[in-house]
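Only one chain is included here, represented as structure tokens and corresponding to the form predicted on its own.
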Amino acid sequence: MDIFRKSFDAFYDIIKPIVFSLTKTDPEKAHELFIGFCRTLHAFKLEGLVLDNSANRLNPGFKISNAAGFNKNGEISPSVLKYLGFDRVVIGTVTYDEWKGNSRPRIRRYHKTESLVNWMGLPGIGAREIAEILYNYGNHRVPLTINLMSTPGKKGDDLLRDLEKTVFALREVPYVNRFELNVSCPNTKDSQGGLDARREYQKQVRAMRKTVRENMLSEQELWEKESPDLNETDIDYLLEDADDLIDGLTLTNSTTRHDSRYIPYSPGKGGASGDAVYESSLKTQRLFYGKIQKSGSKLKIIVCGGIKSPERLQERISFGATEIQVYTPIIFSGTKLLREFRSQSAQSG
């Protein structure tokens, strides 16, 4: 099986420049090609043969999952992602209603700096359709996280009821044992029409946590994905009473600070990921970790954002992380990165 997987990884390296060239004006098409390939493997039950490898049997000491956006509507079977090297699969961001998001193109790729900017706007097919897709995958035995937020445009009590309905639609789906509240997406409009509703979400964060917690099953966990653009006052506010309602933090989402070292010719909107977010993501993690340690909080940490090498991974783990999420680095390095994470971490452990 290692031979097939190494061939698959080598093929990705060969075809990547061609795909990047063909999808330069709309990088979303490249991901759609990847989804189509994964669905074909699953349809013919070839995922184990083509993708499985000995590294998947290694225990690196942490869990690996994809980040939100990678499998937005659950189009890729959890079994395919398991054989790629993920221990857990994140679905979403899921909204209750179908939402088209912003018009395409809505992603810009920066190959030289291994970064992306996206202003997708939470497109998706809606919680009920996603639940049906996940039910149909059957007994895959892969733990699932539902990354959720309200349908854009919802405010106040309508926002809370929207979250409630999403939890109801998905809490009974087999293997869903975690919800991840996305209060950090920089690409949804606030009540004034601006393209960043994060401040408004923060003001209502306790009510959102309570709504999700009260409606999910007692054995399920609630996590919260945070922005890398927070200041210390923001962090203190988010940590206040957090232990009572959430189990952990995912650090972090993308950044609206488009550093010209990584994002030349910024589109002037959207969240930057990959190398462009690594420094601010690490800084935010360190701030959260220091405050968690000082307070004696039991909150756990998942890390996400520009983790493209085993060295960066170890740096993030040294500040309290027990799990990681990956997305943008896989676009540039391929899924062989997951094998490297497992192999090198297992050897060093």
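All residue numbers are counted from 1 along the displayed sequence. Just so you know, these numbers come straight off a predicted model, no measurement behind them.
The same protein also exists as the form predicted together with a small molecule; that form is not shown, yet it is the one meant from here on.
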Val326: touches the small molecule in the predicted bound form, heavy atom cutoff 4.5 angstroms: yes
Non-hydrogen atom contact Pro60 with the small molecule in the predicted bound form at 4.5 angstroms: no
Heavy atom of Gly274 within 4.5 Å of the small molecule in the predicted bound form: yes
Partner contact for Lys72 in the predicted bound form: the small molecule, 4.5 angstroms, heavy atom: yes
Candidate stretches 293-301, 62-70, 35-43, 49-57, one within 4.5 Å of the small molecule in the predicted bound form by heavy atom: 62-70
The single option of Leu122, Val80, Leu144, Leu134 touching the small molecule in the predicted bound form, heavy atom within 4.5 Å: Leu122
Listed residue that, although the small molecule is not shown, lies within 4.5 Å of it in the predicted bound form (heavy atoms), from Leu159, Val167, Leu116, Leu230: Leu116
